[in-house]
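Before any questions on how it binds or moves, here is one chain, the form predicted alone, in structure tokens.
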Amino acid sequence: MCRTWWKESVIYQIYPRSFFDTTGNGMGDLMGIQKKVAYIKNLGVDMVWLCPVYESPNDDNGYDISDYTKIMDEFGGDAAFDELLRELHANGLKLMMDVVFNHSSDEHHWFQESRKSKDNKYRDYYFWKEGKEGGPPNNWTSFFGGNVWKYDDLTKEYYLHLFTEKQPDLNWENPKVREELKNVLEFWLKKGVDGFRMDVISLISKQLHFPDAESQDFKEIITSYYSNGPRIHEFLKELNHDVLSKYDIVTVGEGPGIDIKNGPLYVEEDRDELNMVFHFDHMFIDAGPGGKYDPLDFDFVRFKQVFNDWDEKLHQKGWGSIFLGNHDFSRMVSRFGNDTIYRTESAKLLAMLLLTLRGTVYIYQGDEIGMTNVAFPTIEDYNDVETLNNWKEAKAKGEDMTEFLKIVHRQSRDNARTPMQWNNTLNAGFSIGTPWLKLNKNYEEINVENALNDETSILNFYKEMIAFRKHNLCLVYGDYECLDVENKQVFAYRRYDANDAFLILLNFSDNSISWHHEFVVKDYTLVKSNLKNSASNFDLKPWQAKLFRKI
């Protein structure tokens, strides 16, 4: 396995509007991130991934871009970005930008021109089609609910939007569109950014005959109709050849619909497309046929198998992304841990899982202090367009809205978007103004200041594990072997290479367990645990994590 800086990096994801507000307008900004560079560096991470900060009407909180080369004034504008980039680089930190190339905002100049007439030179920058039998061109369902086609009175045609109606899909079949987007990448690379996270990049190539979906299972619809289109790899190779390969950067593509069969095609080193993808096999593990708002029970054995399958598939000539949370999912300790009695233990356990698997590690802001889901009392407290659209659909279907609110509490993207909890003062120290989204009420207990003052905190455990990973490259590049796969409570695996070997035991349960395996116990010594004064055997307390090294 060829060594590179980005394989060894730990990446810290920032959702800027929820990180730190310096102006008092209630929304985080780039100046706020700059003020917290010392905190970020002190974590031991190597790179910051910045969610979109471009000019946007914010129908989907910045993932609807109206100008790809201008920083939104509310975030501080272009000058604040340049200053932040300089500050990060001066502190030895790299910057990953989030680019959204599947769709733009409907307020982007290209779309404003495109809708004016059928012969406008920008018309083919998007997908326009006539209706069928008095309705839309097909029966596809948007990621955010409703049909993917929006009728426009001006030219009496429909345009395609796989997300909100204010996010029209760009037509990558048009070479002019591809050149425009290459120019966007060049613009940011010349400024000195160090990589790109590419939003829903698996969707950019469409099935141009737009067949009706024959399935009612939304996961199946994504896989069969929206993602991995006929020209996807051609488009990515072109992007790599013409722009990306000319710089020492990292790329990670967000991949709804990417699975274990087609995933390697995006990331194998000899294919020259992307360095990594975010697949969602483990993140949609509790999503039913109707999607995440049709939840299933969590299958722990299946959860382990996802990691096993992907590691096996990529270990020879590809590379993986290791993550358990981001801005689009619930808080990881609430989802995969126990966020009440064993919040500290389970958050540390999840940290050990992240930092002992093979692949580049991504940590989402707030997870390093064990921030939890929020349960707002009414739907009016929510901001997320996906949440609000699913609420409207459920109400229209006559569902029990009291029960549906419980699903919102579990699944809403706003769980991860509540403001960062810095201290126990007003608004958790996030803003002196009224925050754009309400805070989680538990900020008086769960905050950075408290964590920094507690040597046994989740935050200090993250720092410890990040440093340990960096000093033990076996945990980055070494082989991986899962043990006792069918165990319904323990995730056990080995990491090993020619010089070193580790055994990791993670008890994903509220029960004390004595783990038994054919392993020779005397060959391994305990070097890390999420509990103090741990016995050096294979007995595990509730949510205990143990890391052993071979003697």
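Nothing here was measured: the structure is a model prediction, and the numbers come from that model. Heads up: residue numbers just count along the shown sequence, starting at 1.
Same protein, other form: the form predicted together with a small molecule, not shown, and the subject of what follows.
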Does His282 reach the small molecule in the model of the complex if we count a contact as any heavy atom within 4.5 Å? no
Contact label in the model of the complex: Leu170 to the small molecule, heavy atom within 4.5 Å: no
Partner contact for Arg413 in the model of the complex: the small molecule, 4.5 angstroms, heavy atom: yes
With the partner left out here, check for me: in the model of the complex, does some heavy atom of His103 sit within 4.5 Å of the small molecule? yes
Stretch from 139-147, 115-123, 205-213, 467-475 whose residues place a heavy atom within 4.5 Å of the small molecule in the model of the complex: 139-147
Quick check on this chain: which one of Arg358, Lys166, Lys94, Lys292 has a heavy atom within 4.5 Å of the small molecule in the model of the complex? Lys292
Can you work out which of Phe508, Tyr68, Tyr524, Tyr63 has a heavy atom no more than 4.5 Å from the small molecule in the model of the complex? Tyr63
